[in-house]
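Next up: just one chain, as structure tokens, the form predicted alone.
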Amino acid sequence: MMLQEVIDIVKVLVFPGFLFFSILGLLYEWIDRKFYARLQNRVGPLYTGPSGFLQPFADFVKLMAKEDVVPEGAEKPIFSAVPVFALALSLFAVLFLPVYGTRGIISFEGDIVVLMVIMTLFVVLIFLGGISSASRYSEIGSERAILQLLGYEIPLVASVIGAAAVTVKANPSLSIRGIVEAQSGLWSIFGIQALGFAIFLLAAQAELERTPFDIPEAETEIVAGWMTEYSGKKLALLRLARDVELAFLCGLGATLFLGGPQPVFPGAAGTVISTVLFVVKSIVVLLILTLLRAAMSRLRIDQMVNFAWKYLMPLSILQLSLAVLIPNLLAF
């Protein structure tokens, strides 16, 4: 095996690939839980590791050791495959994110479009996971999930395309690399994409099924929604997939609107600084999402649908139109 092939495998499996984002996802869960607790005058994770730092990892290990139960009457092949595919899909998506440079491990012209398709497939997995569980609670949760996520997929995609459209004049590209390079002078959030960033945050919150959009998993109404029947290793994989998805969406927001990991200078030191910059920007996005989670209560399903289609959808179309029209008007 050639040296370059070994390096490529290490990148995918260790840094900046699967292992790095798995650890990052667990770290972001801890930050989210601690900040959320502080906002509610609570302590949050405390005993496992310094300040409860290792609690997300301990929860993962605990679930992996617990009994794995498949409900009688469930569609076992689909039910068992969903957690594996959910984690695989999340880990595949993070390979597109630039961690220490302008491009991810996977980078090509049009990769931002492929990334949107991958995110849509996650919605399908959630629906299959709930509907295959042979549980009324899971079926209701999956129906809510498909209704919610399809409603917020369009604004999410519009905000992402808007971020790409703004960069067309500076650097015509539909790639993440082109978007990052176009922000070397001014971040998108400081231009006409401030509205796009706000829409992205709301849509990402709904994509992650976090308050006020935790309707598919409403524990006070339908136990745990589409995940009600999952336990043991399957639940551990689903929770890890959620953590990786959280890290992915925070990283995507930082990449599209906050300039991404702009290279400082070449060499190992430059790689470290750029990686730290990427993580810090991602944490900023995470803290905003946590603030939204703490400041709002759960919406009803009809309120969620009304907000998505009556307000967020028109706003997303407006910001996409501005992203396309304003650079063209300024060019004249």
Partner chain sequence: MSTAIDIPIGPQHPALKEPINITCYVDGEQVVGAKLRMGYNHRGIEKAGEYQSYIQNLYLAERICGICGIVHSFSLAQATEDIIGKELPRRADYIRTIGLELNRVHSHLLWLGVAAHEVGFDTLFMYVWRDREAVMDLIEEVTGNRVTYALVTIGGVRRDLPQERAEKVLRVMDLLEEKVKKYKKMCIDEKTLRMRCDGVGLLRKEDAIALCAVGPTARASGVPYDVRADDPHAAYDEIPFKVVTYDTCDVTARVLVRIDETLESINIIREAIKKMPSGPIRVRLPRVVPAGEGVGRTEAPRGEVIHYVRSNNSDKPFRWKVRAPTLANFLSIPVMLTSKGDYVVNIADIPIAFASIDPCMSCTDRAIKFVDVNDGKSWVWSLSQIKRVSHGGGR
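Note that this is a predicted model, so its numbers are computed, not measured. Numbering follows the first chain given and starts at 1.
What comes next is about the form predicted in complex with its partner chain, which does not appear here.
Put simply, of Val305, Ala294, Ala58, Ile31 only one has a heavy atom within 4.5 Å of its partner chain in the model of the complex, and it is Ala294.
Ile301 is the sole member of Val70, Leu54, Ile301, Val284 with a non-hydrogen atom within 4.5 Å of its partner chain in the model of the complex.
With the partner omitted here, the stretch from 244-252, 134-142, 90-98, 109-117 that lies within 4.5 Å of its partner chain by heavy atoms in the model of the complex is 134-142. Shown alone here, Val223 lies within 4.5 Å of its partner chain in the model of the complex, counting heavy atoms only. Using a 4.5 angstroms limit between non-hydrogen atoms, Ser173 is distant from its partner chain in the model of the complex. The closest non-hydrogen atom of Ile273 lies beyond 4.5 Å of its partner chain in the model of the complex.
Its partner chain is not shown here, but in the model of the complex it comes within 4.5 Å of a heavy atom of Thr211. Every member of the trio Tyr36, Leu39 and Glu219 reaches its partner chain in the model of the complex with some non-hydrogen atom inside 4.5 Å.
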